[in-house]
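What follows is a single chain, given as structure tokens, in the form predicted alone.
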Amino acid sequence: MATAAKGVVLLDFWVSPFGQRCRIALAEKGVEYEYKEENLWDKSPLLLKANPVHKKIPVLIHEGNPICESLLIVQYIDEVWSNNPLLPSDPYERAQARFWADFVDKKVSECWTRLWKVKGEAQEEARKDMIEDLKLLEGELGDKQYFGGETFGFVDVAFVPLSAWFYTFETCGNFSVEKECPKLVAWAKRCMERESVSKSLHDPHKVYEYVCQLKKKLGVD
């Protein structure tokens, strides 16, 4: 059951995996909020005022105060609404969770962008890097139900939105995520059984259609 929270607004874009992290975290906490869809080609005055440095979504506005950058937003949500904690209580485990979430941002997200933007040898290199990064994440997951063990947590929130992009990875990179990393695919399916995840992510084929449109718009098709 969602609980009312005074003055909670999320500036977001429907297909953004970074915004979806915030949606999942808010849903896990049962926090009601106002969703504002942004036009990334014509950004609203509210977005530009709330995030004047990067001018990017997502931005969480809580009681008039803007919080930017998705992982920081998720941590803020976890601290403000303490029910159903996403980060572990143990300091070492908490540091490890932050490390792997940061890995998703610095490595997987970077490969994902290269994979659909480049061609030829550069794309082959991006494909190899993506498979290597996914295998590292699968190694960290191991035989656990979730990255933190039995409980859905911070790393799951950080990474699971990209599972909706697996089809795009495969189509652009000409490889099978399930063949390379079957445990990751099984984990993604478990996560999709959670309402917070299934209601936040979009059909992988719609994601791919968006990428194709974006490539044409950017002239990289």
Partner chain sequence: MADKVILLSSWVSAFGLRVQIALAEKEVDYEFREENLFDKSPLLLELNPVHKKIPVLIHNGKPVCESSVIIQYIDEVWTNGPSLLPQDPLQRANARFWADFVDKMIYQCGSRVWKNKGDAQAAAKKELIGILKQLEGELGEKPFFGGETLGYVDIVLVPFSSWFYTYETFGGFSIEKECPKLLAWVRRCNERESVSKVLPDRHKVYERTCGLKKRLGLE
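Positions refer to the first chain, counted from 1. Keep in mind the model is a prediction, meaning the values are calculated, not measured.
This next part talks about the form predicted in complex with the partner chain, which is not shown.
The stretch that touches the partner chain in the predicted bound form, counting heavy atoms within 4.5 Å, is 53-61, out of 188-196, 175-183, 23-31, 53-61.
In the predicted bound form, the partner chain sits within 4.5 Å of a heavy atom belonging to I67.
V80 belongs to the set of residues with a heavy atom inside 4.5 Å of the partner chain in the predicted bound form. Taking non-hydrogen atoms only, P91 approaches the partner chain to within 4.5 angstroms in the predicted bound form. In the predicted bound form, at least one heavy atom of D102 sits within 4.5 Å of a heavy atom of the partner chain.
Screening Q75, T151, Q123, N84 for any heavy atom within 4.5 Å of the partner chain in the predicted bound form leaves a single hit, Q75.
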